[in-house]
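Starting off, we have a lone chain in the form predicted alone, written out as structure tokens.
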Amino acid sequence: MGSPKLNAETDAVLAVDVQRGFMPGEEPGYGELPAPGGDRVAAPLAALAGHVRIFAASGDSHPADHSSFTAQGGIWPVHCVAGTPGARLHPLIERTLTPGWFFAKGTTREADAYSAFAVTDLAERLRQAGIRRLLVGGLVTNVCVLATAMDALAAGFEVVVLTDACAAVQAEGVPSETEALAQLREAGATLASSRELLDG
């Protein structure tokens, strides 16, 4: 089967948590919970912006005492606290985002909200806009990208996971990146690179 062709009317990009806290770097906000290579996911996502109707993004916006943090008994270091530099999107994603299409998640202390569809109106907004297929990438492959893409499939959207626009972390209790991508393929997602779509 050939690469899926882009449809400017019914496709949308969903950049999952492409935030400074998940990227390596020395500037303020970077390196809170870095995924190796996480800083490389923004460019292939942004490259699709002119070929889709909507460029949406999600982002963690945690309270400082979020239940997922190790100090509260969770498994993650403090990251992407609301109003801090770590919660900001990568500059390229900030510039590319369709106005009004950012979805904050993890905003209450007790909710993990790994999926961009959790406690947001993302699915309804996409349907109202006539979107049928989501091109999903971001951070991290084996947690929030996995959860988001699974929820998108469950909500009835076609899903393409952008393999060159994802990066993973290693952590106890979460699947490896290989396992996560296999789960997504088995659930019905298509795996393709942004270049394959642009060349298709």
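Worth saying up front: this structure is predicted, and the values here are computed from it rather than measured. For every residue, the number given is its place in the sequence shown, counted from 1.
Keep in mind the form predicted together with a small molecule is missing from the figure; the text below concerns it.
Think of it this way: in the predicted bound form, the small molecule has a heavy atom of just one of Met150, Val143, Val52, Ile131 within 4.5 Å, and the residue is Val143. Here is the short version: of Val160, Leu48, Leu33, Ala56, the single residue with a heavy atom within 4.5 Å of the small molecule in the predicted bound form is Leu33. Taking non-hydrogen atoms only, Phe117 never approaches the small molecule to within 4.5 angstroms in the predicted bound form. Although the partner is absent from this view, Trp76 contacts the small molecule in the predicted bound form, with a non-hydrogen atom inside 4.5 angstroms.
Of the heavy atoms in Val41, none are within 4.5 Å of the small molecule in the predicted bound form. Though the partner is left out of this view, Val136 does not reach within 4.5 Å of the small molecule in the predicted bound form, counting heavy atoms only.
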